[in-house]
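What follows are structure tokens for two forms of the same protein chain, given separately as structure 1 and structure 2.
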Structure 1
Amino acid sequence: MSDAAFREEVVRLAGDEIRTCIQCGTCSSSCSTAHLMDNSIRKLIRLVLEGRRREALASESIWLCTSCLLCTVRCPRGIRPKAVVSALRQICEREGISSRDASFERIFMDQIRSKGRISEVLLSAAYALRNPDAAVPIMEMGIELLSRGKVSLDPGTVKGMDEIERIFRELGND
């Protein structure tokens, strides 16, 4: 796919109004996860409009959007920045591009499948083992949360595990 075709696909998926973006940055200043992003939402829109496909699809920011829609509510041009992020995610998923933190998603889904819920302690421990760079901050936070009784070592299993298994089967995650 050429860079121009990429731009037109994102515009088709996210709405023609993104062509009117004035790069004011209201979307980025409204974003609660902007401090974690490698590219601000404003910059993602610019990358799309300039047809810079490789840079846009490589951005970790795509995976950090929480879908709170503050960017959309506050945009003075009526643009839906969240729709741009969703379009980029859709293209990434179609092309097999995933977040560098895909291991977190796998661990998360494995726990849901086995217990029907998440154990923050086990999730964090498993993630730290697969991502040693994240181990120290995770351990510091875990020790603090455990000492305050905010997390449990055994979250138990939810009722209705057969329903959870059915959902996984329907999603093709046997």
Structure 2
Amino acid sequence: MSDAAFREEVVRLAGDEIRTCIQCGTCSSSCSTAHLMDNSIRKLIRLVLEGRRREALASESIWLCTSCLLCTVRCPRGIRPKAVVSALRQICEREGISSRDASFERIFMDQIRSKGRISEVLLSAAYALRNPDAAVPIMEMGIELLSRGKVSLDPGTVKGMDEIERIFRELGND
């Protein structure tokens, strides 16, 4: 994918208003994880607009976004920075750029596609299998929840699985 094609794809996925970004930094200053990021959200949008594909996709910031939407509420240009992050996550996943964060999203979506609902136990177990260093905090959490009667393997079954498969197949190819 050329750099210009990359820019145009993000714009198509996240909205044309991205082109109007004035780099004011309201998004970054509203961000609860900004202090942990390599590129601020403001910078990330700049990388996209300059077509700097490799830098944008390699940025850890994509995965530190908590989806809190404060940037989206505040942007004076009506840009949805979270949508930019989502577009970049989507491109990373499509291009097989793997990370622990991408694996979490993949497991989460696979579970919706196969079961219709999320079982937190199965989600945690599948994630810990792929990322063994996460096993200890997950086990600690599991023990705490188990002692409170809040662990369940079965989130119930969904009858309309054909419909869910159709949603993934037909709407998931943007």
Partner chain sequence: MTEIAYYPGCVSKATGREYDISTRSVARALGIELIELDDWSCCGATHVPNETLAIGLAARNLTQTELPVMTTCSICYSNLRTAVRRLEDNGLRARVNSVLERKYKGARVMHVVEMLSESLRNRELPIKLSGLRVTPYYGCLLTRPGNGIDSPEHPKVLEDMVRMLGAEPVESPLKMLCCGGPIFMPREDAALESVYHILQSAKRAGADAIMVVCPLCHLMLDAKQGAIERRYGVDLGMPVLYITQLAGIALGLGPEELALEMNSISPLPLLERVYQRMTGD
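Keep in mind that what you see is a predicted model, and the values were worked out from it rather than measured. Numbering runs along the sequence of structure 1, starting at 1. Heads up, when I say rigid core I mean the largest set of C-alphas that superpose within 1.5 Å between the two forms.
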item	value
Which of the two shown is the form predicted together with its partner chain	2
Rigid-core frame, C-alpha of His35, shift of 2 angstroms or more between structure 1 and structure 2	no
Core fit, then Asp16 C-alpha moves 2 Å or more between structure 1 and structure 2	no
Yes/no, Pro155 Cα shift of 2 Å or more between structure 1 and structure 2 with rigid core fixed	yes
